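Shown here is one chain on its own, the form predicted on its own, set out as C-alpha cells.
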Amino acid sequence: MIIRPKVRGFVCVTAHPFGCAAHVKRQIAAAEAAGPIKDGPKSVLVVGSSTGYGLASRIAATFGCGADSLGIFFERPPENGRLATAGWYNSAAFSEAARQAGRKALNLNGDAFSDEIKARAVELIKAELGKIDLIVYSLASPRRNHPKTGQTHRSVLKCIGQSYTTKSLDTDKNLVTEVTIGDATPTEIEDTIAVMGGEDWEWWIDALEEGGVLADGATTVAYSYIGPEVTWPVYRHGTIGRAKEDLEAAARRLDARLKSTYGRAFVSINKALVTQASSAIPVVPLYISLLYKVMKAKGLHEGCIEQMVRLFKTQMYGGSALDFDDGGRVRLDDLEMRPDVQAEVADLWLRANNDTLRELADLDGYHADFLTLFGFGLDGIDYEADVDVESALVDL
C-alpha cells in the first residue's frame, strides 16, 4: 500500500507508520539533546499519551528523566489491512524506543473515562511499576460516556451569551473566511464541562489513591490554554473556557488534598500549537499561522517536546520551584504572550486578508506541522514506497 495523506477538513484520515515513528524519534532526539533532568520522576502515568502534549510529556519523562511509564489512550489498531490511527503508531514507536533504552513502556488502549480502564491501570501499576510519582492528565476527547450515569456527553465549540463573528482560516483552500460561532445552550455548556472539565482527572487520582499506588510527593498536572483576546469569545469565554475553569478548580482541590499526604497538583498553560484538537477550533488556525510567523522570526518558536522539556526542567524538577501566575497556573505560554509578540500578531490579524495572507502568515509551517501529526512530510521517509501494513506493526 502506498500511503498518502487524505485530509478532510481538520482531520487526516490516513497515517504513515514509518513517518509517525520518525516524528517520535525526532522528539526523542530533542529530549536527549536537552540533557538529563535532575530529580525527575521515575514512574509516570500519562492519561492521553498518544499525541500532542501527552506524547511529548511521556517522551520527556522517559528520555529526559529515565522514567518508566504507563500510557492510556483510545486509538484504532490496524486490522485486516486497514491502517491504524496516528496515535497508535506513535505509541508503538515510543514503546519500542523506550524498551530499547531499558525502560518499561506499558500501554492501555481503551476509554480513559471508564471505571474499567482505571481499575486495569491500578492493577498494572501494582504489578509492574509499584507506585506512580507523576500523573499527567492530557486527555482530549469530543465525548464522554459517563461511568456513573451512563449518559453520553458531547462537547461543543460555542460562545456563551451571544454569537460571535470573526475571521478564520479555511485550511483546505488557504483562504481567510468569516465564521460565526453560535451561542451555547445551558445543556451544551454542562456537556462540555462533563467532557473537558476536571471531574475525570479527580477520579483518576481517587482510583490511584484508593489502589495504594500514589508515591509520596507525587505530582499531577493537566494542560490548558488561555491565548489572546481575539480567541477568547470562542475559547476562554466560550464553552471550552468554562470547562477549563472547571479543570482549574479541580487542580486547586487536588493540590489542597495532595499537599497533606503526597505532593502537588496544578494546571500548566501551554503554547498554541498545531494539534488535532486545536485544528478543530474556529479562529485558532489563523491565529496560529500568524503567531508562527512572528515567533519563528524572533527565534522563540517551540514545539510540544520543547515545551514539555522546559516544563520538566524549569518548573517541576531539577531543583526548581513552580512559578505560578495570579490564578495559580504555571505559564508555559510566556513567550507566546510576550507583549512584543502579541502586538505584532495583533497587527497581522488586522491586515490579514486573501491578498496578504501568504505574506503575513506561516501557512507552510502550519500545514507542515499538521501533516507531521499523521506521519507525513518527515525527512528520510520514502512516501512513494509500497508499505506492507502488517509488517510495519510494532507490538504495544
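Note that residue numbering begins at 1 and tracks the sequence as displayed. Because the structure is a prediction, the values reported are computed rather than measured.
A second form of this protein, the form predicted in complex with nicotinamide-adenine-dinucleotide, is not displayed here; the remarks below concern that form.
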Looking at the partner-bound form in the predicted complex, is residue 194 within 4.5 Å of nicotinamide-adenine-dinucleotide by any heavy atom? no
Since only the chain is shown here, I'm wondering whether residue 139 would be in contact with nicotinamide-adenine-dinucleotide in the predicted complex (any heavy atom pair within 4.5 Å). yes
Spell out, yes or no, whether the shortest heavy atom distance between residue 75 and nicotinamide-adenine-dinucleotide in the predicted complex is within 4.5 Å. yes
Would you classify residue 50 as touching nicotinamide-adenine-dinucleotide in the predicted complex, given a 4.5 Å non-hydrogen atom cut-off? yes
With the partner omitted here, the residue among 302, 246, 111, 183 that in the predicted complex has a heavy atom within 4.5 Å of nicotinamide-adenine-dinucleotide is 111
Tell me, which of 266, 225, 201, 317 has a heavy atom within 4.5 angstroms of nicotinamide-adenine-dinucleotide in the predicted complex? 225
Note: nicotinamide-adenine-dinucleotide not shown here; in the predicted complex, the stretch from 151-159, 217-225, 249-257, 172-180 having heavy atoms within 4.5 Å of it is 217-225
Residues within 4.5 Å of nicotinamide-adenine-dinucleotide in the predicted complex, restricted to 271-297 and counted by heavy atom: 271, 272, 273, 275, 276, 277, 278
